[in-house]
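Taking the form predicted on its own, here's one chain by itself in structure tokens.
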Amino acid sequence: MVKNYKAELVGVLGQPVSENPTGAMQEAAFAAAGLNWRYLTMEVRPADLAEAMKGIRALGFAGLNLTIPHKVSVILYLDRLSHEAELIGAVNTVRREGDLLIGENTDGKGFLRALREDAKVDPQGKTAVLLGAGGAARAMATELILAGLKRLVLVNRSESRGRELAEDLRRKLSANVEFLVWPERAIEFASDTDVLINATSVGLYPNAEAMPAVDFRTAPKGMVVCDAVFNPRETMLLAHAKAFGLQTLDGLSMLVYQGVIGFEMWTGLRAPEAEMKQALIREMAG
């Protein structure tokens, strides 16, 4: 009997991408599930994206992740977008349906799952303060609003970019969104604030000593503080929040759940979450 060596291929396209830890997490998941799948980390320049996507089709990739700078430009080379990806206007995950490549966005889905399952917070009827107006912020805001968030306070340093996102969310989702230009002083919190989310890169390694200027003395006791930054796992923002007795949610949880959702989209199997999380923790420690 001849052994079948064929492996299903998935991977990530980006630039830079060499330090992306997703491959370690997905390879651990494939091994735990007994799948002969491989996850490839591929550096692709923006000028080469069209050719790269032709290669993805020709090689029969079962799925794909996209990171900076390809999350928007890849849409030109896909056959269809999910409802959420269309609303967000960006794609970070691609799944195959027959010969079709379908664009998804799991950035916000991963955060929403972490919020519900790890922090035990349902956004239905809640108020959230969101720092940042980039791609991650857009995805998180969209998923929170779709999940029934009552009010979103969006804070961003760039007024034009922040207002654009706020207006987009109001127009597409009929959302209750308030926009504030980041104040010169530390951000204070209204008494009805349930969740604070840092969707900026402030605090990301190697600038791990930095944190957004917020005044936790004004934070309601039940407020949950979330950070999309996953390296380091406990950012200065989260450390300060804990010092004030506030519940926290780290960016590693969001990243794991993004991977879990991607794995399940590609394979149709239940993801081995524990193995994926441990693989990511080992990779980050290394």
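Remember, it's a predicted structure, so these values are computed and weren't measured experimentally. We number the residues from 1 along the sequence you see.
Although it is not shown, the form predicted in complex with a small molecule is what the next lines describe.
S.K.: So, a 4.5 angstroms cut-off on heavy atom distances: do all three of G135, A199 and V229 pass it with respect to the small molecule in the predicted complex?
M.R.: Yes, the whole trio is in contact, each within 4.5 Å by some heavy atom.
S.K.: For the chain shown here without its partner, which stretch in 46 to 54, 237 to 245, 215 to 223, 252 to 260 has non-hydrogen atoms within 4.5 angstroms of the small molecule in the predicted complex?
M.R.: This holds for exactly one stretch, 252 to 260.
S.K.: N176: heavy atom within 4.5 Å of the small molecule in the predicted complex?
M.R.: Because no heavy atom of N176 falls inside 4.5 Å of the small molecule in the predicted complex, the answer is no.
S.K.: Hey, in the predicted complex, is T127 touching the small molecule, heavy atoms inside 4.5 Å?
M.R.: No, no contact at 4.5 Å.
S.K.: Even though the small molecule is not shown here, does R171 get within 4.5 Å of it in the predicted complex, heavy atoms only?
M.R.: Contact with the small molecule, no.
S.K.: At the 4.5 Å heavy atom threshold, is S191 in contact with the small molecule in the predicted complex?
M.R.: Result no; S191 lies far from the small molecule in the predicted complex.
S.K.: In the predicted complex, which of the listed residues (R80, H83, K120, R157) lies with a heavy atom within 4.5 Å of the small molecule?
M.R.: Contact check passes for R157.
S.K.: With the small molecule left out of view, which of I75, I102, L204, I187 would have a heavy atom within 4.5 Å of it in the predicted complex?
M.R.: It is L204 that has a heavy atom within 4.5 Å of the partner.
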